[in-house]
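Read the single chain below, which is given as structure tokens and is the form predicted alone.
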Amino acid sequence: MAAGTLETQRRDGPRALRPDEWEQLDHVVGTVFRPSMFQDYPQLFNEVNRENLRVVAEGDAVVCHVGFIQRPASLQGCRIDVCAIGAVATLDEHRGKGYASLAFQDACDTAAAAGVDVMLISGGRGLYTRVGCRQVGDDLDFSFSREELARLASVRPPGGGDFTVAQVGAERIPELAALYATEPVRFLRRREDWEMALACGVVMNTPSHFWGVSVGETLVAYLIVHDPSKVRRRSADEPASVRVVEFGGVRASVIAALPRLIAHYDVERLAIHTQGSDPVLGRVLRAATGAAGTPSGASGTVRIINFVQLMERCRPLLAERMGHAATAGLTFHADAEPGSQEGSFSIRRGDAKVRIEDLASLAVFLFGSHRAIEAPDSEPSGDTVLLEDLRRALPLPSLWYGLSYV
């Protein structure tokens, strides 16, 4: 009997983790990544989310895992459903058997059955790019020196006074959540997401601190930053820096906090990511500091799970950008079932039609790309008038993980 046939016979899954397999899963992700994975990612590794922890077992042992959390999100008022993939791991001795690919597609199918529109993946390796995942978004990364941030030191609240910048804890969750709720492009987070992030202190894979900015007793903004002493450096000579990985609230307050944070941590540089859906902040930072900013995508990669449902849910945003008359007649079509890695896609208006060849091209067409040299894998084709209308309405805004990273 061929080895491949024997392995297939012994393989169990992909399937959901069973209640008695937590210890085995802890061994897999702890071996591939680090022993603290269960503690660092409580949003992912919990009983409520167990059905979304997709595993492959050989014999009686779990050997591969692809997990995800599912959350609603808002794209400038349009509610969609998103899943975020994380902790993709296969034990070394079981690699090369295709288990991760099987489990990843199983996760896509499971997400599709649950009504997910878009999948976010916190990685960009071949496992994902081979099956239609692409980095998307037209954002900016800023890296400031102390001297550049000193130009922001004079920012004050309207009417005078000053901002107070101090670390905050779980007692401020209602205020933090309320500030995040004002963001136009965001996850619709559960209170538990805030509680777990503050309790474990790990955000976007690194120990982090939560800072609040107040005017008097009122919290007007917050910033989550990586602890510079815990950030892995490429070399011993690389200067320490502080990275802002999420912020929310009044932008003048966020800006005012930056020179205070670099002084508090006594580091040489501070980095912050601004989303394409917030172009004013990028322009203000450029003008105030002289720093240009580097074009960047949203973190990780994206795969479209349910094209038709996504576009119907975003129809109000399309109408806002291209007009009601141009939007009302649009219909959306997919050649394959939601979650599939196969098939092409089309958008029609009367007899006019635009065709998108595959998932990879679709992701870039819908959400854009910061890489001017990286065109879609294949350009959309079809009616030029309809295509021009669609280009006026796209790209859709891209999500940024922040504390929703897994």
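Numbering starts at 1 and follows the sequence shown. Given the structure is predicted, the values throughout are model-derived calculations rather than measurements.
Heads up, the form predicted in complex with a small molecule isn't pictured, but that's what we're talking about next.
Student: Ok, 125, 283, 233, 156: which has a heavy atom sitting within 4.5 Å of the small molecule in the predicted bound form?
Tutor: That would be 125.
Student: Name the single residue among 324, 95, 79, 191 that comes within 4.5 Å of the small molecule in the predicted bound form, judging by heavy atoms.
Tutor: Only one option qualifies, and that one is 95.
Student: Is there a heavy atom of residue 99 lying 4.5 Å or less from a heavy atom of the small molecule in the predicted bound form?
Tutor: Close contact exists here: in the predicted bound form, residue 99 approaches the small molecule to within 4.5 Å, heavy atoms only.
Student: Check whether residue 90 has any heavy atom within 4.5 Å of a heavy atom of the small molecule in the predicted bound form, and answer yes or no.
Tutor: Although the small molecule is absent here, residue 90 would touch it in the predicted bound form, with heavy atoms inside 4.5 Å.
Student: Do residue 33 and the small molecule share at least one heavy atom pair within 4.5 Å in the predicted bound form?
Tutor: So residue 33 counts as contacting the small molecule.
Student: Among 128 to 136, 68 to 76, 313 to 321, 273 to 281, which stretch sits within 4.5 Å of the small molecule in the predicted bound form, heavy atoms only?
Tutor: Result for this chain: 128 to 136.
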